[in-house]
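Following this are structure 1 and structure 2, which are two forms of one protein chain, each written alone as structure tokens.
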Structure 1
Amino acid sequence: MSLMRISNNVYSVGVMAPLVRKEELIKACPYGTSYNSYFIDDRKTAVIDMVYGEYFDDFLYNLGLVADIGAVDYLILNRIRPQHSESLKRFLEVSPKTVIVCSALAKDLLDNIINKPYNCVVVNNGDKLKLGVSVLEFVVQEGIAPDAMCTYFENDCVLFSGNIFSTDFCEPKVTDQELIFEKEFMTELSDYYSCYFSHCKGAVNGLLESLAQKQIYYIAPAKGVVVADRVDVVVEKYKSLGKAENTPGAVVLYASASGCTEALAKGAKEAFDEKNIKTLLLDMSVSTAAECKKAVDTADYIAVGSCTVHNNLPACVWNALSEINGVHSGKRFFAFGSYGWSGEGADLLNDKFAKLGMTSVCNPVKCRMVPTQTELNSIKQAVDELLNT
């Protein structure tokens, strides 16, 4: 993000990073990204959001064009990452009197990121900070990310939204006023939401409601494009992404090299069908990790099965399950699988889902090679356990 005056008192001083292709191991960035930072000029001055360490020199150059960098009063952090460590330390070296403003949990994390004393003010939801004529209000992102908050700048109607409304997107211009690749920008807005917020839609919806009363002319996120011309479009997109999806009821995930585990999976599906539970049967050897994650995220009941290969799960199963996370802890599941002699596959699935905080309703259902009718009956019993516990 190059230097640009966004509104009366707000300058963007962040840095464009068009060549970044992956963030935090989990997010693809086909369009690059930007690490945003903003400067508010008033009797007292504030920097909002910070770039990652490798971009600090460019940030400092931008900031120096509009600010007395040794005398910034506040550094407001809407979002905290370990990647900020070097920048924060260097910033406090050049401006040692700066007071960091952040949420309570962010302070806890910052102590372990800066690793030395610093001036800090912890703010709660609704707290205000007066810079002169300018007034900032803090909106803590309850239930979204424990450290995160938004900062609303009443005078210029700017929402510094942190992670919310962020994109990994990088165009030559800072704002969307001369946006070239509009379709790609909207796709990326959805992808970012899906990566970081699909597990906490209710909390994001709540945040949108609490912001609805505020006049917003600019959305200035921690990453990506500053939104000026499309504030309503972007907010509506978030609302539509936040709508509850039709739950499939149950999902049966399986991987089977020679059909035995598949027979158990089909037995499980039949048992759900008999109870009129809408069920998705998903073959992990051909489904993407994103498809498996979505299926687990939206399902009420989960059955997961695999054969054993070389005392392990096949690599395709590890890959297919790689994006499932622990934010849905409390869901119920059972594991199953066919094996030849040692049978670790179903146990590994059982352990993995339990470690993610889900509750196993019974011991893994296993069969040696081709399932017998008795073993198929065990699968039906496991489905009953799942539905009745």
Structure 2
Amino acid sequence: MSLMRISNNVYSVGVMAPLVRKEELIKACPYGTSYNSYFIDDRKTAVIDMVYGEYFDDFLYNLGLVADIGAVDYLILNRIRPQHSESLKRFLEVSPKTVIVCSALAKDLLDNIINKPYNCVVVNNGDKLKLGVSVLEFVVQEGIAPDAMCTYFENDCVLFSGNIFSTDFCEPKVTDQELIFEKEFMTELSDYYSCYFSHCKGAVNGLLESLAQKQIYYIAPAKGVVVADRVDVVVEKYKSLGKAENTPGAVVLYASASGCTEALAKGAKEAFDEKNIKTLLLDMSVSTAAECKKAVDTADYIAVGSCTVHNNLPACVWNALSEINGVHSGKRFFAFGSYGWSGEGADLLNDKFAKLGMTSVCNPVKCRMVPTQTELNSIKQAVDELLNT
């Protein structure tokens, strides 16, 4: 990202990365991305957010044009990534007296990144830091990411939002004031939300409510363009993405090698239909991993089943599970599956979804080979437990 003055005291000193096409192995970047960092110039100075290691030299050049690099007072980290480790270590080498400001859980991660003594101040939600005339307020992103926070700059009404409002999107200009591809930008805003926040809509909505009390003229995210002309548009887009369905919905995910697990899946869908629950039936061997993730993120009730192949789940199921991430606390599910010899598939699914924070309403429903009517009745009973627990 080119050096640019954003407001009276704030400069963008991050780096553009237009050739990046994938992030963290899970997020496509068809329009490139950027690794944003910002500098606040006051009696005391602060850098907000850090770039990935391979872009540190470009970041340091940008920062050196507006700051005394060796005398930066604070480095404020709204989020922590392993990819920041090289940059963090190199920055503290050139500015060893800099005090890092972060959340308590971020401090735990930093200890295992920096691996040597460093100056750090842990902040809580609502804490403030005065740089001189400038006042920064910290807003912890509770329920969204354990280590993450936003930083609000009261004087210039700038929200340094971290991952919130970020996009994997790169244009020649730093801000959206001369945005060329507006449609693509809005698409990436939605895709970023879907990838990282669709499983925690309630927490994101709560954060938006708390930020609604603040005057925001600029949104300065960790990635993507700085939003100046479209602040209201971007906030309203997040609100629309966070709206829940008016009626409860269910998803039945399955993978079936011979049709036996499919019979159980169809039995589950019929049971949901009988209860007038809108239900999506997805075959993990056909549907994309992204489709499976979206279905799980948006569903109120989840039934997931698989056959067992060589004491394991088939590759298509592991592929779908790799996309289903985040913490889904409060959601309920049950696992099921047909097998020939050992039957680990349903148990592996049960363990995986439990580790996502969901609650299993019953033991996995299993059948050996072709399901009997009794076993199909067990699927219906599991649906009843799911809806009534």
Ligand SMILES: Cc1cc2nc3c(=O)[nH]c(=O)nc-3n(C[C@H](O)[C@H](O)[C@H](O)COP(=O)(O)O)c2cc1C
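Keep in mind that what you see is a predicted model, and the values were worked out from it rather than measured. Take the two forms, find the largest set of C-alpha atoms that superpose within 1.5 Å, and that set is the rigid core. By convention here, residues take numbers in order along the sequence of structure 1, the first being 1.
Asker: Which number, 1 or 2, marks the form predicted alone?
Answerer: Comparing the pair, one sees that structure 2 is the form predicted alone and the remaining one is not.
Asker: If the two forms are fitted on the core, does Phe353 show a Cα displacement reaching 2 angstroms between structures 1 and 2?
Answerer: Yes; that C-alpha moves by at least 2 Å between structures 1 and 2.
Asker: Gly259: CA shift of at least 2 Å between structures 1 and 2 after core fit?
Answerer: Gly259 C-alpha, core-superposed: shift of 2 Å or more.
Asker: Relative to the superposed rigid core, does the CA atom of Leu280 travel 2 Å or more between structures 1 and 2?
Answerer: Yes, the C-alpha moves 2 Å or more.
Asker: Let me know the CA shift of Ala268 between structures 1 and 2 in Å, rounded to one decimal, core fitted.
Answerer: For Ala268, the alpha-carbon shift amounts to 3.7 Å.
Asker: Fit the two forms on their core, then tell me the C-alpha shift of Cys367 between structures 1 and 2 in angstrom.
Answerer: Its alpha carbon moves by 6.0 Å.
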